[in-house]
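Listed next as structure tokens is one chain, alone, in the form predicted on its own.
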Amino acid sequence: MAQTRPYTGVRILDMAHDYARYATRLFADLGAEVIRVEPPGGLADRHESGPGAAERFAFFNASKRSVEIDFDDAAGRRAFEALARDASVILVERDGPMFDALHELVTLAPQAVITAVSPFGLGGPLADAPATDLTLQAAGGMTWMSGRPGEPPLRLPGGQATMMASVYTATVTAIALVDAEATGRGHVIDVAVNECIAHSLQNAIQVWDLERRISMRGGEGTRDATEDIFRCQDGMVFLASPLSLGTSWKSLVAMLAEEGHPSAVTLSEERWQDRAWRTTSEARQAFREAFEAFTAGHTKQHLTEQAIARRIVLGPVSRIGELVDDEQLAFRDFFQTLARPDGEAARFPGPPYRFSGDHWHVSPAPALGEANAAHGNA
């Protein structure tokens, strides 16, 4: 018998088509009944094209159901009203169904958490402004904080606006749902994607607020010379061996000495005990030259094994393709095979958690309107 999951018995009406569609996937993984309420022809994400479009749709909409409803038809409206009366959460997104009818949703489902997701929020001068993943990353500050010092801002790949907005949307919806279930009173939540991104910028906002300094790519200028990624024989590794991590630094120098590498002599110089100097560009350049002279002769696996044995804070930097064959992820069955809308199989990442006594399983993304008969809209 499968274990009951946290949101088993919770019905979520999902009208997201872009920035919030992973939020509802998270709830589906946790046991919620997530129903995509789609207009005739389907929500916009069904019509995306180009590289990876089919895979994205399959991933974001796995374990959901679909009903096709004509909101301009009396029977369709009645079917939607019946769904709304039993819903715990109704999630809408700009340019999708019912986004401009929040007052109507509150009347239909006063018990529900109604979460409205849009690029810039429900009000303000940019409320109706067009947006893309790139412009939202830029507007929220993510591009400014990404990349290396002295180089241009960098757009992060993988639809970061969708992933970031969805994580925040799921979190705030879950919090509001606790109160709604306890009091019987629903909530209306206004989620702005650019604000989600701005909130995720480490302490950049606080640095400006308290010190009137603009945070830069590569850190605040106080990062130790060892805290970076470094090239090795078959890729890159991440290292952190500041003096504050005494074991890591001492073990690193000892490893170089045991290997008979000349970098051990360089890194044993007295200046490497000066914490302030270690944050300078001179120190960063000197350390990179010394350490990469050593790592150039070793693989990521070898360096990682040596680091684990010596308690050095070092790990491999994995390319996306390398993750698929990662032995730890394979042992945990992290990647699962699902069918795309065209029937072809593809591998997708699973949730980063396990329930005791339960094997994680998802069902493929739903065909348009497949659950119409079950919800009185055949």
Partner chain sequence: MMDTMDYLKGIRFADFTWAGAGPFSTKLFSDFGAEIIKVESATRLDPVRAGGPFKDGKPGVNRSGYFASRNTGKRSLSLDLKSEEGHATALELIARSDVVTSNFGPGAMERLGLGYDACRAVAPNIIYLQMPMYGAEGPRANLLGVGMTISAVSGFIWHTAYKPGDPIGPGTHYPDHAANCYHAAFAVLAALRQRRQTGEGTRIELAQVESTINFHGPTFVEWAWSGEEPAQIGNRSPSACPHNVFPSDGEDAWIAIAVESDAAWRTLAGILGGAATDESLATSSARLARIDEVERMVAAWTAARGAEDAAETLRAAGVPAAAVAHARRLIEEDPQLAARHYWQSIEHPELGSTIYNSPPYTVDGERVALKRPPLLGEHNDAILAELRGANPTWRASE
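Take the two forms, superpose them, and find the largest set of C-alpha atoms that agree within 1.5 Å; that set is the rigid core. Remember, it's a predicted structure, so these values are computed and weren't measured experimentally. Numbering follows the first chain given and starts at 1.
The same protein also exists as the form predicted in complex with the partner chain; that form is not shown, yet it is the one meant from here on.
- None of 291-299, 151-159, 97-105, 255-263 except one has non-hydrogen atoms within 4.5 angstroms of the partner chain in the model of the complex; the exception is 151-159.
- Remark: R223 counts among the residues lining the partner chain in the model of the complex, judged by a heavy atom distance of 4.5 Å or less.
- Contact between H375 and the partner chain in the model of the complex is not found at the 4.5 Å heavy atom cutoff.
- Taking the partner from elsewhere, M145 is found to have a heavy atom lying within 4.5 Å of the partner chain in the model of the complex.
- G76 falls outside the set of residues with a heavy atom inside 4.5 Å of the partner chain in the model of the complex.
- Contact annotation: of the candidates L314, A62, V67, L43, the single residue with a non-hydrogen atom within 4.5 angstroms of the partner chain in the model of the complex is L314.
- Contact annotation for 101-124: residues with any non-hydrogen atom within 4.5 angstroms of the partner chain in the model of the complex are F120, G121, L122, G123, G124, listed in sequence order.
- After superposition on the rigid core, the Cα atom of D86 is displaced by less than 2 Å between this form and the one not shown.
- Core-superposed comparison between this form and the one not shown: the C-alpha position of R340 differs by no less than 2 Å.
- After superposition on the rigid core, displacement of the C-alpha of E211 between this form and the one not shown amounts to 2 Å or more.
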